[in-house]
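Next come structure tokens for two forms of one protein chain, structure 1 first, structure 2 second.
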Structure 1
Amino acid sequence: MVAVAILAAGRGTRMKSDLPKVLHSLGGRSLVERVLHSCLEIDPIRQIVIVGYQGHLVKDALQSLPGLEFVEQTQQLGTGHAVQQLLPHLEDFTGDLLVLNGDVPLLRPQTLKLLLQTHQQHQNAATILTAQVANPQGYGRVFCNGENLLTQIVEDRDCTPAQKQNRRINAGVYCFNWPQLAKVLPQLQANNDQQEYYLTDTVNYLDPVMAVDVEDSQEILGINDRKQLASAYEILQERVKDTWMAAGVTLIDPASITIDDAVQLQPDVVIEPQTHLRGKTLIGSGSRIGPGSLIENSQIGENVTVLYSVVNDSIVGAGTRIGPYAHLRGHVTVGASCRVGNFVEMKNSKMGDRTNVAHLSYLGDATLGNRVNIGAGTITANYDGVNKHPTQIGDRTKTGSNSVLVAPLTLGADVTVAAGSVVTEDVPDDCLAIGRARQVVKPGWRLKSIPDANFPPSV
């Protein structure tokens, strides 16, 4: 029986931020969310998040995750003090407690499984995740006897120069036999440089305590400042890109591309330079995205091209070409084999298959059928200053260049709108609509005030 506790009450002073450290975003998800995610495979019976500094913000941010309990640490007197807050909440609990710092976002689920297995196999009082690193600065140093049996953990700032030479560090991830930990927690003293109650001091009272080295020390990077946040992002990006390249995706100039880890890519996708894929995005097989594109929370079908464009919260059908310089602003559905071309902006609109809007247009709150052709410069005037209004455009309808479609408006199927029209009234199927002043041509007419070719006159 395993319960999980995440320490997320600290402010994270070294971030120099008003936002609690654990809510800082790493590749689209907060640090604490990532820590919780790494525990899922453990299948804990309880998941407790210890909150304190701006605790309501942390609670709000995690609201959508089911089954979390929150315990308040009103004063942040150290990691040991944080775990002391669990005592009244786990009175009857007799299992193991996995404790994780809320700022260790790169842990692999297998690593936690291994930690737990080792802990249970050896029936340890505590088992601590450790790593051997080239630069141990800032981390607590772990001292063991020959058999990985842990003798003490000394914080970096409390180390003697000789102790600082030890490169084995505490990852901030622990498995405790809870009844044994519960007995020793009240004994903690704050006699250290920070005058805090350190969770790491509990190992002085517990026996046996075992250290388990993580294979890939990048996993245990703790985020204390913005530089470490950037390093973590780099590590995460490398993992994500390696995974997709192994799965048959071409990345051209990977260093200039960023891909959130919730993104899904099918084989034979090509991602061109300076392209950023964010949120819950799916790109279908054979599609070529970029250069210079941003796709966020969108589904892109197969064999689509997106060139120098921005696509948010939208769906794009197979074989469609987007860009260059198109902006699908949100809630846009584009059918198959369409073209959304140069300097076209779409918002909250739908278009069927084989429909083109190729140049210089704005389509907002519009529904277009199949094989529609929107002429260059066509604009839906969807906003009257107070409310938004819809525009409907039937199959095979064509709008001439520079048409203004004043919503609410319905154009039927097979309608033609003459170039330069301002269309304010609905148009039935199979009609031509002309909404502009008729051109007048006056033969033999010349401007009277310009007498001759010597204009301007000399003085």
Structure 2
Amino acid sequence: MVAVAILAAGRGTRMKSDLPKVLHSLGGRSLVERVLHSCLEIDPIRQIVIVGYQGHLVKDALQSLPGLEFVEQTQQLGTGHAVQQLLPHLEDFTGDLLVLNGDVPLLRPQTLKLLLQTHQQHQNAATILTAQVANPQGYGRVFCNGENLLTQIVEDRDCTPAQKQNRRINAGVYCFNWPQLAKVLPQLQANNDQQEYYLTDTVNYLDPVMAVDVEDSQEILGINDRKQLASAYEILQERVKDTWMAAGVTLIDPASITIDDAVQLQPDVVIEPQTHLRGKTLIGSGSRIGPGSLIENSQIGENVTVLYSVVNDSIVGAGTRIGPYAHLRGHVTVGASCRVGNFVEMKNSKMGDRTNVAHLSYLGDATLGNRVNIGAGTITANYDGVNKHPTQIGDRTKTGSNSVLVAPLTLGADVTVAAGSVVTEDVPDDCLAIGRARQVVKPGWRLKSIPDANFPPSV
């Protein structure tokens, strides 16, 4: 049995923010969400988040995740003190406890599996994750014998000059036999210059304790300030892009592209420069996205092009062309082989197959059938100042340029709306709708010239 405890009580003063550090976003997920996500493959029976500063915000942010427990650390007196808060909550637990930091978001699931396997195979009292780094400044140093059995951990601020030459550092990730840890937690003392209770001091009372070196030291990067947050994002992006290029996706100028790790891409997708893919987005095979596009929480079908456009919370069918400079938002569904062209905005609307809205239009709360053609400058006037109203447009209907469709409104199938019309009443199938004033031509309407008093006519 494995339980996971995540230390998430600190404020993170170097972030210069009122937001708890663990709630800062990294690639579309908060830091603490990333730590929780890394634990999925070990399938813990309990997941406990230890909260403190602005703990209610942390609880609110994680409330959608099932099975989480929260424990309050009212005073932040160090990592040992944080884990001491678990004693009444794990009183009857007899398994292993994995302790993670909520601000170390780049751990791979396989690294945690290796740590846990090593711990259980050797029946260790404790197993800690370590790394060999070129510059260990700021990290606690780990000292081991030839069999990787730990002899001592010394915090960086407490190291002697000789001890600081050791390059093996503590990653702040631990696996404990909980019954053994529970016996020694009350023995911790705050005998250090920070007057804090260090979890690392428990190794002085536990035996055996083993160290496991992580292969990629970037995994243990902790986030303490905005610069480190940016560095972590670069590492995450490199991982994501390498994965997709190995899977058959073309990234043109990867340095200018960003892709959240929740995004799914099929083979033969091409991502052009200055394109950003966010959230739970799926891009179908053969599609070409960008340059200069943003796709967020959307499904893009096969062989779609999206050029210089923004697509949020929407679905685009196969073979459709979007852009340039189109904006789809608020749950738009576009059918197959459609065109949503230059300077078109769509919101909460649905288009059938082979329907075109080519330029300079706004469609809000509208449902369009198949093979509809929306003329340039057509808009749905869907808001009366209080409520939104729907517009229904039947198959094969055409609107002329600069038409205004005042909702609520239904246009039947095979309707033609004359250019410049304002349509306020429903139109049956197979009709021409004209809603404009009759043109009047008045001859001889040129204004007579008016003499300027300052310049009398010449004689």
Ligand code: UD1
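Every residue number counts along structure 1's sequence, beginning with 1. Rigid core (definition): largest C-alpha set, two forms, superposition within 1.5 Å. A quick note: this is a predicted structure, and the numbers were derived from the prediction, not measured.
(message) Which number belongs to the form predicted on its own, 1 or 2?
(response) Between the two, the form predicted on its own is shown as structure 2, not structure 1.
(request) Examine G385 after superposing the rigid core and state whether its CA is displaced by 2 Å or more between structures 1 and 2. (result) The answer is no; the displacement is under 2 Å.
(message) Does E147 shift between structures 1 and 2 by 2 angstroms or more at the C-alpha, the core having been superposed?
(response) Result for E147: yes, a 2 Å-plus shift.
(request) Give me the C-alpha shift of P443 between structures 1 and 2, core superposed, in Å. (result) Its alpha carbon moves by 4.4 Å.
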